[in-house]
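Provided below as structure tokens are two forms of one protein chain, presented individually as structure 1 and structure 2.
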Structure 1
Amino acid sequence: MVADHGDVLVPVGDSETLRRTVAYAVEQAYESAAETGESVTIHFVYPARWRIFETDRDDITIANELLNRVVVWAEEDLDELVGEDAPKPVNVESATVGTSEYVFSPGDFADVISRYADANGVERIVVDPSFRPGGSVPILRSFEEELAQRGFDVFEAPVTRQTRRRLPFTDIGLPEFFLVYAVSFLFYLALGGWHVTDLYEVVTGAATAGVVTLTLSRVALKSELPDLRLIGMSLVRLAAYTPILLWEIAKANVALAYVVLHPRLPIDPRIVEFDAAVWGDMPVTTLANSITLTPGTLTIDVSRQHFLVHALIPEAEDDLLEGTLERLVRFVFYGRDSASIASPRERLDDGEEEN
């Protein structure tokens, strides 16, 4: 593996093999520095998963702490390789990328990483084999392919994952397994009419829950147990959101029935485009589906947080740009602080003034 110059980029995310990946990357960099006699830089890059704003400060802290830890590890390894006081042939840098956009698909991750790599003249990328850019979705392979297509040399660090016990056929540990198992089992019993004393029900339920957990656990859960307190808060706010949504749906249907049954069919279909101020897969999905269910609007396409919406009647477009729904979705997922963000119309106007 001889590149023109040996600069290395390592995408960083919390994983059990991160420590050994760092050691491997440092070794590689040190070797190529020794071969060419020039100094080599290692870039540790943390791809942010969604746009960071006031109520999401925790994500920045987590990213920075992880990057600091990685830099300390890399410097320790260097000290071991060249000795504490000797001049270092390897520089260590760290950065967070993708903070200003909603990074979602393997292509998105490859985009933000390759932009950073191009800006810093890096051609070699060392990937941690248990790096999980997509959270719950296993997209590492396609992420690596996307990077290779963009002309980078992509290597997986040869580290094995053994630190955490995983159950056969799954990618999860015991606590996660039991959570999914318990939910599936209770759901089965509830559907069967809650005959808890009936042995037949209990045995078939246990078997079914086992199959469901083994096949669907990676879909149902992210890599670790979710924060139950956060989920509880979201559920409470979701309970408040549901009646409002139902009311909006009722209004939508009366309006649509009027338009459809009117002899002259008074519609004025048009396409509306806007950037929603919600981040993360669940909030974006919720907003997209809510838009489809409410007055005269239908979500056609969503790319990151960019929405393409079909509006059937002009009032629908107004409602959409007032941003009531968007504000509600933000309230459900991020709490009250985030409700004060400007509506899409105000944001659009601001953008036009700047141009």
Structure 2
Amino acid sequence: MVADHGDVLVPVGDSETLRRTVAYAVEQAYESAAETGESVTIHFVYPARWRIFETDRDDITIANELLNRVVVWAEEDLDELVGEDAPKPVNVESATVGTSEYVFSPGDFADVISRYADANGVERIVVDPSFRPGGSVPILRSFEEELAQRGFDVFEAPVTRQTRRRLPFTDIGLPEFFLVYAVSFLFYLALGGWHVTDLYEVVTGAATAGVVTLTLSRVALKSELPDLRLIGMSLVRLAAYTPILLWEIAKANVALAYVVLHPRLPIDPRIVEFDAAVWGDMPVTTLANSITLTPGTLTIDVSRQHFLVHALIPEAEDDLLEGTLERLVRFVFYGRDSASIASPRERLDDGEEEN
């Protein structure tokens, strides 16, 4: 249940439980206003990600339509609670935030939401349980946890959502189980060179795949069944990325060989820090490994999207901040539109100008 009084903020994103979350927030705000005799304002806030993709007018239109729809829902619920002609003890506001920022992770979304909340004196936040801005992966704190870390009273709306049937001893459903099992079994056969000489190999392969699926299913698949079409497109783009990465490695080898063979040995090691415009386990890991594979640079640490890289020469730092590898990794996992995001150096310059 929402705390006793005060204005309420509801982050908005299209989801199956958004309508019921709005109804819950309105009901709680109305009860709070009735108990205290003071008006309450509900802020419906849409966190945008327009700056990390090439802005599409349709995205802005969809966001505005969603906010307008939410406001209409809230006013309908208020009319049912107090009557159409009665004075409303609850005010409804709506806004879009994050339009000029690079937001990737749940922490980034929490930052833009918290700034709006602080500016409007809001301390209570009601979260739609189906709303997952920035994804939901084990290495990251959830959106709700990020908001709570910033000192807000966070409440998940107690609305039901469609539940998936989960198999015993696993955290995944039947389709996900068969997918992990099939991949494990095929990997077992691949290790044997695809040579199946007797039934024993098939049985041991099936048993091994079963054990792997039961023990590693939560790691292999963290959420719903992945979109095979997107996976296929990512694999195609990864195939195109591989020779480019090899070319970058070759160029870095030549540059490093020149430095090592130079009589003055002009090595100038340094630590480079930047926030990469990639998000999710696989893209972050791919970028970190790509940087390490490139001679002259070594990924020391990664925290969310924050990279700490050792660069042996100034040219290696320049290459990092120009963002060639970062842009290519985005292309692999998110498609062509995301490749146009500003480079790390441009984002750092933007941040310095804003400060």
Partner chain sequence: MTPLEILAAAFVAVGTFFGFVATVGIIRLPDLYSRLHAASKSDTLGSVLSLAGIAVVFGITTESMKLVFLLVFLFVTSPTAAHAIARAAKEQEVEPAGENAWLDENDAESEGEGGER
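Start at 1 and count along the sequence of structure 1; that gives the residue numbers used here. Take the two forms, find the largest set of C-alpha atoms that superpose within 1.5 Å, and that set is the rigid core. Here the structure is a predicted model, which is why all the values come from computation and not from measurement.
Between the two chain copies, the one drawn from the form predicted in complex with the partner chain is structure 1.
With the core held fixed, the Cα of Gln149 is displaced between structure 1 and structure 2 by less than 2 Å.
Remark: with the core as the superposition reference, the CA shift of Thr36 between structure 1 and structure 2 stays below 2 Å. Annotation: Cα of Leu320 displaced by at least 2 Å between structure 1 and structure 2, core superposition. In the core-aligned comparison between structure 1 and structure 2, the Cα atom of Glu248 sits 8.8 Å away from its counterpart. Core-based alignment between structure 1 and structure 2 gives a C-alpha movement of 6.8 Å at Leu261.
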